[in-house]
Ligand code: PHE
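So this first bit is one chain, no partners, the form predicted on its own, shown in structure tokens.
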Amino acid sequence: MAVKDAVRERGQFSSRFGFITAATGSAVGLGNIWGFPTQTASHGGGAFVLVYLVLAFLLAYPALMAELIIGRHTRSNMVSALPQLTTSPMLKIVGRATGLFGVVTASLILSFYAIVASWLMVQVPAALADIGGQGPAENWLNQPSLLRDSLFCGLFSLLTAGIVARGVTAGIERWSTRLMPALVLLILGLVGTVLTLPGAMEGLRLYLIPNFNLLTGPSLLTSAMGQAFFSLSLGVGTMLVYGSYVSKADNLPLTGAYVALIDTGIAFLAGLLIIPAMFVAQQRGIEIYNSDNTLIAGPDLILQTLPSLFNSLGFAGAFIGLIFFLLLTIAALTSSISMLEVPVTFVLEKFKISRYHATWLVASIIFSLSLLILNNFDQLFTGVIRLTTTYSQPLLGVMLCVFAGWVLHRNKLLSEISKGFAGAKTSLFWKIWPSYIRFICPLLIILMFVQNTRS
């Protein structure tokens, strides 16, 4: 395929709404629907929510803008983008290495993310089997096994690849504009249902009323910082790649703010659903506290405590469970699309092959990694998660801030921001953001990195 044809296959979002739904879909994944309520449960409820909301705009939004600006300025994949920002041979090498590191990290994240998504996805047919009275099928679907997990991991991977293979407009944008509104409607419906149940108000008070004595705790601060950073899919180039598909006519600071607001809002709604649901479960005799008197969090919360609640609600609970796990599957899918797009765009542009072939080649490799992890679960699963999310993402986040703040020339930076934003030079954004991305963001990310690696 000629270079011109390969470039054409990159595509471009057809509207601001298309980009916002795609970028929000990338950000709104299991980190919001699962991770945020889990972190909230682990760190005192309302105190964590308050700190998270503040840090989402003190850390996550500026870092998001760094990726979007680099992406739109270079119109390139993660590996090729950073070297374009400099004329220094040494910095070009560093930029290329950083980009390759990002592509590998995104691929590894997707390899374990697809496994987690399969655990949630399988609950959808399990709920349908329960509603339909298909006991044997329900038992098989609810019983963890290598065969079950491999099959549903493969199905999730096929769905992800099928959307990405169709391109930016016909695939990513079209499905994001369908899936994101569906996700919001489902979560609003579930919130409305759960808040009517006995016990929900106790959870609502814990969630909304902060204990100010907890606000200065180092564990709470670093956890909220990490959640704010990771929930926006930052550090592995997903937003950089999506930024490369944004029209030059769009106001990037405003569009980025919409993405951050919607992402934060959906995380808040997820907590508004899950924390009250935990206390509804307690009202029905289901244990929600660990032996150390902390609220149950993580996989036990999503795959044990909440399903026990749904079961206790009888026939109606089966429908609630169906909607809940459908919600989680949609959230996982919208994020997996963006993660797959990072290596696909690199392969498409580097080797000048069609998007279709690039997608299925990359998806096959990542699925093979997922199978490797499944077959060596105890040895690999936790290690891959820690390698990518604890170590790689923060380091990549620092490098992207450095390239946006220190390497990209200030005049080019202003020129890029001014496209679609005529008043950029005199705006509050331009007065604060360049210095913020140079000094404050890298410092906060390094602080988070040091704290997380010590824990």
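Keep in mind it's a predicted model, so treat the numbers as computed, not measured. When you see a residue number, it is the position in the sequence shown, counting from 1.
Note that the form predicted together with the ligand isn't included here; everything after this is about it.
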Could you check which residue among Pro37, Gly44, Pro394, Gly31 gets a heavy atom within 4.5 Å of the ligand in the predicted complex? Gly31
Let me know the one among Phe152, Phe230, Phe367, Tyr245 whose heavy atoms come within 4.5 Å of the ligand in the predicted complex, would you? Phe230
Within 4.5 Å of the ligand in the predicted complex - does that hold for a heavy atom of every one of Ser111, Ala114 and Thr160? no
Heavy atom contact within 4.5 Å of the ligand in the predicted complex, the stretch among 230-238, 353-361, 184-192, 124-132: 230-238
Taking 4.5 angstroms as the cut-off for heavy atoms, does Val164 touch the ligand in the predicted complex? no
Proximity of Met339 to the ligand in the predicted complex, heavy atoms at 4.5 Å: yes
Ala27 versus the ligand, in the predicted complex: is there a non-hydrogen atom within 4.5 Å? yes
Does the ligand come within 4.5 Å of any heavy atom of Ser335 in the predicted complex? yes
